[in-house]
Structure formats: structure tokens, C-alpha cells
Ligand SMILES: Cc1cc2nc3c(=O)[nH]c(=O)nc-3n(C[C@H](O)[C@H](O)[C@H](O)COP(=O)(O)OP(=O)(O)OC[C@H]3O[C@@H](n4cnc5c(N)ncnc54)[C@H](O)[C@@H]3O)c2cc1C
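Encoded as C-alpha cells, the following chain is the form predicted on its own, with no partner shown.
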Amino acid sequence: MEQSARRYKADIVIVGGGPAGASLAVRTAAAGHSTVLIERACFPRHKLCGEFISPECLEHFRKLEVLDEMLEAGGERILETRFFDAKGRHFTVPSSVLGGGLHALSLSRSTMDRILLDRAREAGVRVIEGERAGGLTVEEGRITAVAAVDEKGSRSTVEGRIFVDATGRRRSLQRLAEKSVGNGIWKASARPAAVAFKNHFSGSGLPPNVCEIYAFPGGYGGLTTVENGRANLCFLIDPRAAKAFGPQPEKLANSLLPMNARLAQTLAAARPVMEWHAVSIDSFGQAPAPSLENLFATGDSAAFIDPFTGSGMLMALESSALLASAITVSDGVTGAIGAIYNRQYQRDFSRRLRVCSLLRRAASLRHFPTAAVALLRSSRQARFLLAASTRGGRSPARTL
């Protein structure tokens, strides 16, 4: 039996409690906007992710007042990233070249997201956990309310002026919006662009303070140490390559890992410690802009960048900062928010998204990973240019 709906009202309604949504909520609440955040999961929870936090993110954490807690949560300080081809040859990129500090951080999403969501509560955000967005009220091209429901059928209705999709690659709020106005831009892809898998391992041979990236036929993977000495393995693979090994993640992993000599060596004595997580990725790059005037997207809901760049978390935090700033300087006028945010978003992200698209296409060529490793091992300048191209044209220090 359906229970009576709880009703809330706020200036800003954010759907999605990951790094983009939670950091945006902290920023908008700190600026004096009443904010409600709706998250379908109950935290803490694991999330499929490379769990690599680039050095530039640390300054965002400082501004959000969570830096000390992040650094003390048990993760690994990452001083360098090593890229290995299938035969084990590699080149190295120091974390300092990315800018923002001397080290990156590897921390589980379970821990990081919990810290950010707790900070949102401290900032005065009303957080609704365990409820998914199930419907929108749309009037004259604007959202006026979002309805959320939990597993037991209990409902919440949240009215607002500004609505933000921070649900990641699902883009749940945008899909609901397009459905409400009858647009068909969210047709399912005939085939996903990639499939991704993740697990934590105990007993890995990964050196301390290092992130390693491994190329293998049809994809790549990354390994970093998170809390309690466990190593997080996350890898992406072309669906056609994955199909050859069958649908079970464990069987796929056991077939793929020996295809990179370094990865096979590093995980030779390691054991998975939780169930495999698996998702399909519909597309990379920027998503279509929301069509409703007071709906905005941030984080992976706005664009999904290739994980090998190590800048996915950075884009989540950067885009939420841009949107928060646009809301503040426009005094909440939605047309002005959209103009400011879209202009700044294109300025900061369009170039790096194009570069990563080109790199992804090149990586699908048979001999590209081996040739790329050979070039980058021999050229410090090439390593510098590659790092700079994935950071939005910034000027990292030349310490390669």
C-alpha cells in the first residue's frame, strides 16, 4: 500500500549523491541556497570506479573543507603512474606533472562519497537517501517538482526552482525530462561503447605510491592501492572482445589478466575480496544538453571522459564548481545560469574531450599501445604534452 508523500521545497534540487552532486550541494548550501539532494543508494556503498583522485582534486577538497579527512581516511598517496603495454614495457608520469600538488590519492568511492555526503549534511543540505527519482512535474517548459520513491513505496515530492542531474552515466533526471516532453534523443544504443568491471584484491604485488595502467587486446585496466592495503582493479573492454569470453565478470577477468605480462605478475598471488561490479557504458564524451530551462547536468551526467586520463573525478569537481558559480553570479536566473555555465563548460572541457576521443580511436588500432609506449618512454616532451592535453590545456610543471 502506497504511503502518503513527504513534501519538501528548496531553491536547488540535486539528484545524485556522488562527487559531482555532493560537492555541488556543499557549494550551493554554503552560498545560502536551500538545497535538497536525492540519492537512490544508502551510503556507504561501492561504486565502479578507478578510485584515482588526481592532485588537482585536493584543492577542491580543501575548499569543501574535507581535505584532512580525505588524507587521513587510509588511502594511498600516488606519486607516479606507470603505463604498461602487453609485454610489460612501460613509461612513467609523475603525479606532480598534473599540477595541484606532489601526489594524487587513491581512495575507495565508498569512503570518499561518504565523506562528501556527510559534509553536505553539515553544510545544511537535506539529504534523502535510498530513494530514486521516479517522475517529474513539468509546467511551461520548466520542472516544478521531482517525485522520489524508496523500495517500500514510500514517496517524497521535492519542489524547487533549479534542478540538477548528477546521476552519472545513467542521466536519470535528463531521461525523465525528455520522456515528459516527448523527445526521443535517449534511444538505447544498439551496442554499448564499452563494458567495465571492478573488484578489490588482497595480496597484490603493486609497489607503494604507484598507480599502474595496463593495455591488453580490446581494452585497458588500472590498479591502485586503497584502504587496508587492498588494490582496486578496474578495467574497460570493447563489448566485442568481452563477448568472446562470456558474460561472467570473473571468467572474463581470469581470461584477460594474463594478456598483460605486468598485470599477471602483479596479481599472481592476489585474491578478490568482494563480488565483481560490472556496468556497460553507452557512450563517451559530452551528452546532449538538457532541454528544459531550469535543468542542468554536472559530472558524468554532462560528459563522460575516458578513465585512463585519471581526470574523471577532477571533471566532476570542476563542473560542479562551475555550476555553483554560475548559479551565484546569475542570482538564480535560470536563463543566465545556462548561458554562463555552458560557455564556461565548453571553455574548460571541450578540448580535453576531443583529445581523449582521438586517443580512444587510436588505441583501438592493433599496434598503437606498443608504439605509444615506445614513443613516450623515449620522449619527456611527449609525456608532458600528453599529460597537458588531458587537463584542459593547463600548464603542469615540467618534472617528467
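These numbers come from a predicted model, not from an experiment. The first residue of the shown sequence is 1; numbering continues from there.
Just so it is clear, the following notes concern the form predicted in complex with the ligand, a form of the same protein that is not shown.
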- Query: Is there any non-hydrogen atom of F163 lying within 4.5 Å of the ligand in the predicted bound form?
  - Reply: no
- Message: When the contact criterion is heavy atoms within 4.5 Å, does V226 count as touching the ligand in the predicted bound form?
- Response: no
- Message: Taking the ligand as it sits in the predicted bound form, is H33 in contact with it (heavy atom to heavy atom, 4.5 Å or less)?
- Response: no
- Taking heavy atoms only, is R109 within 4.5 angstroms of the ligand in the predicted bound form? yes
- Note on the structure: Among 88-96, 155-163, 136-144, 312-320, the stretch whose residues bring a heavy atom within 4.5 Å of the ligand in the predicted bound form is 312-320
- Query: Which one, V210, I115, V127, I281, lies within 4.5 Å of the ligand in the predicted bound form by heavy atoms?
  - Reply: I281
- Sequence-ordered list of residues in 46-63 near the ligand in the predicted bound form, where near means a heavy atom within 4.5 Å: K47, L48, C49, G50, E51, F52
